[in-house]
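First comes one chain, alone, set out as structure tokens in the form predicted on its own.
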């Protein structure tokens, strides 16, 4: 978390005159409330963002009524607006490369619900690997990449929906730095001007699991499989709820409001049995830096600190999570221990894959479980899916594609904002 900046005294601040004027305008009582703790820092950043927009320094991409937002409670007790339609999909490099069913399942769910979205080819990686993995990047570079992507979404009149937990956490931190540091703001602006872009900052930084959370009842209405006998354990990704922790979704009706709501809420809405376990707070083991330098530490941690305790304590049929690194690490780190005779194993997938399966999506053509290593066959059988027949359908489909049939692409329903020119009427 960023260092707390005290705002009760002028001498405590290293900011511009304009920023100081903004703080003075809040009044003594408000400044006193904003002078303590990270939650207050976060709320102050939101106030500052509005002020920068009034000064004309930035453009805020607001969650307007056109995006049909739903409100959720965050850890800060603030109501966060989650857009539900016209979504610009900020894809994950890890999902696309290692677990493609993660993203295709999410697209399939949106298409089934009639949710328009933009699958833009004009997107870059968030480059957070440089920050979390190797330390070779810097706040200006990371923030410039963040705002370059946010501007691309704004151009398309689509609201960014972040798939990767790492991108989500990185972007929240970058937004804080850009808003609170004039130096970073100015340096990023000079970079963006070279590529014909400016500072467009999203009013809300939204993770796809938060979208699933607010859409869970509509998803449940389309459920085709009975999953009431399926027991689910959930791993909440560190980069969603531990980075700028004040901004992630909680719900008093889910786990008593004491743990992150997304993913758990989706499983419950679908009718699955949610199981708790003692080390739910622990990292999956991915960790970025050490998976690059000491990979066996990651693999050992994932299996012995997460998988074995989950299996022993819960006997869950599936472990659900909502981040690229978590699915990859928790799934693929089971291979070596099982080869050495350890017995505990559980299939791992994303909440979007589980939701799509429950809605009747094909386990291989859409959810692409063939990319996963932990044995998913018992889970599919318990969900009432004849996986052998589905596998035969998949192989037949591949053969048809080899013979020239067009692949089964998932496409967005028609958009309402597609032809809108910003600043003009539809």
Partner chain sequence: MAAEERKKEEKGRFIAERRYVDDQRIVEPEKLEAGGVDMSGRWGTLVLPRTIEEFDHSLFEGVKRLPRGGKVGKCWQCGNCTAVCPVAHANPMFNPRYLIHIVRMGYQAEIEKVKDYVYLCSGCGLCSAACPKDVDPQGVMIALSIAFKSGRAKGGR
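Treat the numbers as computed from the prediction; the structure is a model and nothing was measured. Numbering follows the first chain given and starts at 1.
One more form of this protein, predicted together with the partner chain, exists but is not displayed; see below.
Does any part of residue 300 reach within 4.5 Å of the partner chain in the predicted bound form? Heavy atoms only, please. Taking the distances in the predicted bound form, the answer for residue 300 is yes, it comes within 4.5 Å of the partner chain.
Can residue 294 be called a contact residue for the partner chain in the predicted bound form at 4.5 Å between heavy atoms? Because a heavy atom of residue 294 falls inside 4.5 Å of the partner chain in the predicted bound form, the answer is yes.
Would you check, heavy atoms only and a 4.5 Å threshold, whether residue 342 touches the partner chain in the predicted bound form? Yes, residue 342 is a contact residue.
If we define contact as a non-hydrogen atom of the residue within 4.5 angstroms of the partner, is residue 304 a contact of the partner chain in the predicted bound form? Answer yes; at least one heavy atom of residue 304 falls within 4.5 Å of the partner chain in the predicted bound form.
Find the only residue in 271, 337, 139, 287 having a heavy atom within 4.5 Å of the partner chain in the predicted bound form. It is 337.
Out of 156, 308, 182, 78, which one falls within 4.5 Å of the partner chain in the predicted bound form, going by heavy atoms? Result of the distance check: 308.
Where, among 141 to 149, 193 to 201, 328 to 336, 117 to 125, do residues come within 4.5 Å of the partner chain in the predicted bound form by heavy atom distance? Looking at the partner contacts, the answer comes out as 328 to 336.
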